[in-house]
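Below: one protein chain in two forms, given as structure tokens, structure 1 then structure 2.
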Structure 1
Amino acid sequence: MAHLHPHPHSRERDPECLHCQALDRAREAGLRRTRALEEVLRLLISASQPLTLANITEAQVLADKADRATIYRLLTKLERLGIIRRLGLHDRSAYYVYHVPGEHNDYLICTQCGQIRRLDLDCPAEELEKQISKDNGYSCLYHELSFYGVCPVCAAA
């Protein structure tokens, strides 16, 4: 999953590389190849958990080099294009994940400390999607399944 881009800033294309794929999708949609685009995609692709706008803006590679507003607008575009996905995880802020076409992740969140872990499970909602789509006439359906509870560490304290 956390497939790192093997050739930063180069123009070579490795069709297996998630980062290249993402970049291609973005370019095809008309986005320009900017530093912010590259870094945002790289960060999201290599992250093992959802990231907030603040997380991204403050990341080493971007700190003091990228503006909140720029990243915000970029994330918004990428979401609209379906390249990334925005999650509502009870926090005040929005979380973003890279969206691998056809893949899906669920999360387990501690209601005390806010820790987020990705769950690796056969999501049972997958099948329901078609049915719900048909029943309600909705298109472009996707879903979000999150589990909330108290993690062992917080339970001890």
Structure 2
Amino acid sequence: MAHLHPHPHSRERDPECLHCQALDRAREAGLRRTRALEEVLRLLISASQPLTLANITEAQVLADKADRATIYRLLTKLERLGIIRRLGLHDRSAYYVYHVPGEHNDYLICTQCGQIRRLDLDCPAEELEKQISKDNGYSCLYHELSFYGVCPVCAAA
């Protein structure tokens, strides 16, 4: 496995390296390597923000590779395998992000429009996660930290 930048919130990761790792993880989990799989992973890895199903299906690189239902099934499989994560409010559109093993991101979510923004901060829960894992004997423990509120655009409306 290629070396990842040691800081978990670093954006200085090589997208091509992550893409190869993602394809390897998908293949090891039993997924066939298809153009749709390749392009969905490439989109999620290169995105600066989480993407919705609509963002992904409307991407030009997927225009002739797969229909919306196929992409949804692929996202569902990738989520079940832990290769991507699904974010968002339960009554709103889901957003998808690529999950780098050993890393996580924290998010700010608008409760009115559903917009999700990645926070660039040192997560205060990382030490707590390690302690909980140690005290309870859990392995592969992870957490997701999301803050909910009303974004400036919705607040002004």
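None of these values were measured; they are calculated from a predicted model. Rigid core: the largest C-alpha set superposing within 1.5 Å between the two forms. Residue numbering: structure 1 sequence, from 1.
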**Fill in**
Form predicted in complex with the DNA: structure 1
**Message:** So, superposing on the core, is the move of residue 46 at the CA at least 2 angstroms between the two structures?
**Reply:** no
**Asked** Would you say residue 121 moves between the two structures, meaning its CA shifts by 2 Å or more once the core is fitted?
**Response** no
**Asked** 2 Å or more on the CA of residue 100 between the two structures, with the rigid core superposed, yes or no?
**Response** no
**Item:** between the two structures, how far the Cα of residue 144 shifts once the core is aligned, in Å
**Value:** 2.9
